[in-house]
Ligand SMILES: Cc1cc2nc3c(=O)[nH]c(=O)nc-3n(C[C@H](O)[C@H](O)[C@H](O)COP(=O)(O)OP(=O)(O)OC[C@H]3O[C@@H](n4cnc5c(N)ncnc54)[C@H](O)[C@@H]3O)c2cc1C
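In the block that follows, a single chain appears as structure tokens, in the form predicted on its own.
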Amino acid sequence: MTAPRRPGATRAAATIALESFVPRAGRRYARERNFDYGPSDRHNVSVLSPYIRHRLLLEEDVLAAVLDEHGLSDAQKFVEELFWRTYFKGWLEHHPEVWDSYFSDVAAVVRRLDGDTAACERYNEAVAGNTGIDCFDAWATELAETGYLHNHARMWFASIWIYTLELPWQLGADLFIRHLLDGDPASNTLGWRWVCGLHTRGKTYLARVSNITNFTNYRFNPRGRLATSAPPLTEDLSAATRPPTPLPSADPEPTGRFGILVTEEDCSVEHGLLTGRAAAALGLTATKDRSVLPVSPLVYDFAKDAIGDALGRVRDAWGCPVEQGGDDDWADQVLAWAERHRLNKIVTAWAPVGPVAARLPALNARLSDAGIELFRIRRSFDEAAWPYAGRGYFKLKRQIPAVLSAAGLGAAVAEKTVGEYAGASSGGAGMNWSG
């Protein structure tokens, strides 16, 4: 069987994928989701994560469709997988220094590779899928060719990278965010930190031969090739023990005439973000800022196409002119666009910690000098969930029914009270939510 065609980066394609998955999102998903049957067979998982990461699908839309079909009890496992992703994003909002530290660490470790021949050779073999560990090499190839890995494979891959190949976790996280279509700063960084015992201090994940053999349906059997222990890594001051910083305040929607800046963080701005309509729209990417190393063309193309699709829907919904720029200096592009359309107010959807958010302070300073206000608008789903994500997942987990109700899904959760849900089993954390 050949590998599946890469997903189209449109809301229409995302909607078709969601409709196809919904009948399988209940107890069947809970039973079968951990099996990695290979890139040609993803019938047991959703493969919605590239769409959700770019918000071609909104979390509340996915939840509404799944809960309408199955209810919270039967769809509990899928709902929690989605909320793990929400938790990681909210957690990084409360601990932005973790992304900054990781990003600077990647640059430092890349420089150190030049002076460590053995580590450099192991790194190059791992990236190329030439380690001799059949499962790992297959996943490395799949990652490069498709931009996707099953969630369980991500965990195995990370464990083998860290504990068998003895490579820096930061370089593994960097490889993922450069190649995954759903590469997300929060889920990716914190997922890798979880595997090596930094996110939940002292708790690590060990890839075991029996687990890989069973859950790949006997496609792989790396007997005698894997590390047999996974000692937790340490850092000078574990971020998991630091008190969370307050959630940054978002801006209110401006009154009067405004333009909208569309980024890869939210490609559904015409849907549920604003009450008003923009006078003009500009789409920009920050994809190259995911890493100091080259980002996969698949990732570039998906982000660019997602923004292009978003701009088309903005044009159709609001009847305004739209333009698409690129990765180059944002300030020059935005200022020229604002001048063409006589804009003194610009709105953008809230960008969580990561490359897009990192560009906004400098952009805001340039806009302010030109007498233009920048408004960062946060979605109500994030407003409801992120305040509970500053520490462990279970604080947010207990609030899932309340968050669903705040998102307008109260009828779907009426079957369980908050207390009943809080006592349900959660399972373990995943790598990046890949559904």
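Everything numeric here is computed off the predicted structure, so don't read it as measured data. Note that residue numbering follows the sequence shown and begins at 1.
As for the form predicted in complex with the named molecule, it is not shown, yet the points below apply to it.
Location of the named molecule contact in the predicted complex, chosen stretch of 45-53, 65-73, 382-390, 365-373 [non-hydrogen atom, 4.5 Å]: Of the options, only 45-53 has residues within 4.5 Å of the partner.
Let me test this: is every residue among Cys135, Glu142 and Ile160 within 4.5 Å of the named molecule in the predicted complex, going by heavy atom positions? No, the whole trio is out of contact, none within 4.5 Å by any heavy atom.
Any of the heavy atoms of Leu180 lying within 4.5 Å of the named molecule in the predicted complex? Output for Leu180 is yes: heavy atoms within 4.5 Å of the named molecule.
Looking in the predicted complex, any heavy atom of Asn151 within 4.5 Å of the named molecule? Although the named molecule is absent here, Asn151 would touch it in the predicted complex, with heavy atoms inside 4.5 Å.
Residue-level question: is Asn188 within 4.5 Å of the named molecule in the predicted complex, judged on heavy atoms? Asn188 belongs to the contact set for the named molecule.
Trp84, heavy atom within 4.5 angstroms of the named molecule in the predicted complex: Flag for Trp84 set to yes.
Using a 4.5 Å cut on heavy atoms, which of Ala357, Met155, Ala286, Leu311 is close to the named molecule in the predicted complex? Contact check passes for Met155.
Can you tell me which residues in 19-39 come within 4.5 angstroms of the named molecule in the predicted complex, by heavy atoms? Result: Tyr29 alone.
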